[in-house]
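Only one chain is given next, in structure tokens, and it is the form predicted on its own.
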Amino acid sequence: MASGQQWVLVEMVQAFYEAPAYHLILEGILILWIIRLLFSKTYKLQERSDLTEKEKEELIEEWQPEPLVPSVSKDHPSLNYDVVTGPPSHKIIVNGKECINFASFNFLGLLDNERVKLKALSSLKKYGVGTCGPRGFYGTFDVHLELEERLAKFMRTEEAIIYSYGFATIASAIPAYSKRGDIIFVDEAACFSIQKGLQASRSFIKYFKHNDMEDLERLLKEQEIEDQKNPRKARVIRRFIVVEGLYINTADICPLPELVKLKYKYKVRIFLEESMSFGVLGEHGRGVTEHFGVNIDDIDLISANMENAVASIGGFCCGRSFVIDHQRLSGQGYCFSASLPPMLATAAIEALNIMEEDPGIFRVLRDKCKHVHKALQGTPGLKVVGEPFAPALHLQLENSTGSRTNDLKLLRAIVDYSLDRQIALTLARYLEKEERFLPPPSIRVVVTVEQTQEEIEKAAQCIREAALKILK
């Protein structure tokens, strides 16, 4: 035993002599640093003088806590509401004055439809007002399953899932699939609900310029090169492209055929948000895929809310069964929110019935959109932003004042001028400090099938008069 210890000691001494000089110096410095840490004080006692009770009271009186929220002017637009009484249908009563509605997203005019109201009323009497429970806790009603089946059939997908809140639909769907370490390529013009979904996913986000497929491909190529450096890591990273079918902030359409080509070329998944295009584009209102003639199976997930064309509440996602079923286990808005009130599910089902029975309604809407787009051209001081077939256009200042606040005041004056003349418009509203890419100020002009040619011309003329008077 003693000879064994002797031999180890000899080896240590021999290794000490054979070690390079820099190695010995480094070890010596580390040993000295450890000794210093062991025997030195970890903190210094600071001299302090005891305060008298009077001095303490004076300091407490002088101390001012930071405000819980920043101060906001009472004139802030978000604190001053235009109050609506009655249904926000074709004619809307705002601040006690009846106006033609160019503000609500009631594209197909179903909000005040008698058939829809009767079905909703019948459901209210049968089921009551709400559900008081998420889908997994006695919140699944037969009408929920029927609506999901009808949506899947309407969109020609394997399965659909419904949410009780439109905003939470895509905001819950994105983090259900994309996790920390995954990569999402997103259009800069993506709406706020998509942005919240990205934030919740904690994935690595790469923004590409709005509708710029060259910029997107540049990012995809860069990622492909990175993946080649570490193939093992690349195998476990999921990659997604997230776009809107018809962008709410810009009123233009995504180049879906080019996106599908990039999907297969670079092996990424596509999530398509269709809240503004569902019930609007395509011969039967199925959205951007039908508009372009793209096979819906080429899109991994489609989401849309039911608060625009369908004139109900909530949203849905549709796609392949194995994709949708995953949300029933991990979609936060689905798992933890009370389910959609049965009367609103019934209203959505009846809205789908009307859409299927009368597909000509979508052609009527597109014709009205083109009419409004043309009528607003040449408005002095304002430019029309959006596609001719978009049901929600933007009017932006041709020449900004250089101040967002002043721009908003000018646009608000145009809205108020129109409201006084029985034309209801609205400013596009954003959470300015939260938006990733804040859109410029604009007036949003919404088109519905119920607006007549005379009303459209009246609204366009009113906006022109307001622009001439206010932007002179």
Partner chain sequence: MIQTDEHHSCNGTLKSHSDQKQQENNNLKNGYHRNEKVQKNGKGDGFHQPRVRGEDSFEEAPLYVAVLTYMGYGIVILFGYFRDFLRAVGLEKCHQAREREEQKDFVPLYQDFENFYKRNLYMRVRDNWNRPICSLPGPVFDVMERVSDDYNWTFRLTGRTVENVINMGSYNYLGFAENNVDFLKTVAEETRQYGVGVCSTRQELGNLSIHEKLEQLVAEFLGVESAMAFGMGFATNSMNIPALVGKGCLILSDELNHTSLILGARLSGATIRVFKHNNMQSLEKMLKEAICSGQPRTHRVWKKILIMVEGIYSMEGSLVRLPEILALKKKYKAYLYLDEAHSIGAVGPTGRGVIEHFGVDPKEVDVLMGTFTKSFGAAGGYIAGKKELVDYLRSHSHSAVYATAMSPPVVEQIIRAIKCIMGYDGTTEGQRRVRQLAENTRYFRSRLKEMGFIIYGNQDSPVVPLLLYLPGKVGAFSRAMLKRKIGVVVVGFPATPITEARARFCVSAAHTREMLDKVLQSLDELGDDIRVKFSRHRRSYRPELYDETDFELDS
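Positions refer to the first chain, counted from 1. In this text, rigid core is short for the largest set of C-alphas that superpose within 1.5 Å between two forms. Here the structure is a predicted model, which is why all the values come from computation and not from measurement.
As for the form predicted together with the partner chain, it is not shown, yet the points below apply to it.
- The partner is absent here; in the predicted complex, the one residue of I354, L121, V364, V294 having a heavy atom within 4.5 Å of the partner chain is L121.
- Of the residues given (L256, A375, L393, V323), V323 alone sits with a heavy atom within 4.5 Å of the partner chain in the predicted complex.
- Using a 4.5 Å cut-off to the partner chain in the predicted complex, each of G136, Y264 and S330 places a heavy atom inside that distance.
- Contact between P341 and the partner chain in the predicted complex is found at the 4.5 Å heavy atom cutoff.
- Proximity of A347 to the partner chain in the predicted complex falls within the 4.5 Å heavy atom cutoff.
- Interface residue remark: S312 is counted as part of the site for the partner chain in the predicted complex, having a heavy atom within 4.5 Å.
- Although the partner is absent here, D298 lies within 4.5 Å of the partner chain in the predicted complex, judged by heavy atoms.
- Here the chain stands by itself, but in the predicted complex one stretch of 398-406, 214-222, 96-104, 280-288, 96-104, has heavy atoms within 4.5 Å of the partner chain.
- In the predicted complex, the partner chain lies within 4.5 angstroms of at least one heavy atom of each of the following residues of 150-179: S164, Y165, F167, A168, Y177, in sequence order.
- With a cut-off of 2 Å and the rigid core superposed, S403 has a Cα displacement that falls short of the cut-off between this form and the one not shown.
- Core-superposed comparison between this form and the one not shown: the C-alpha position of L431 differs by less than 2 Å.
- Core-superposed comparison between this form and the one not shown: the CA of D420 stays below a 2 Å shift.
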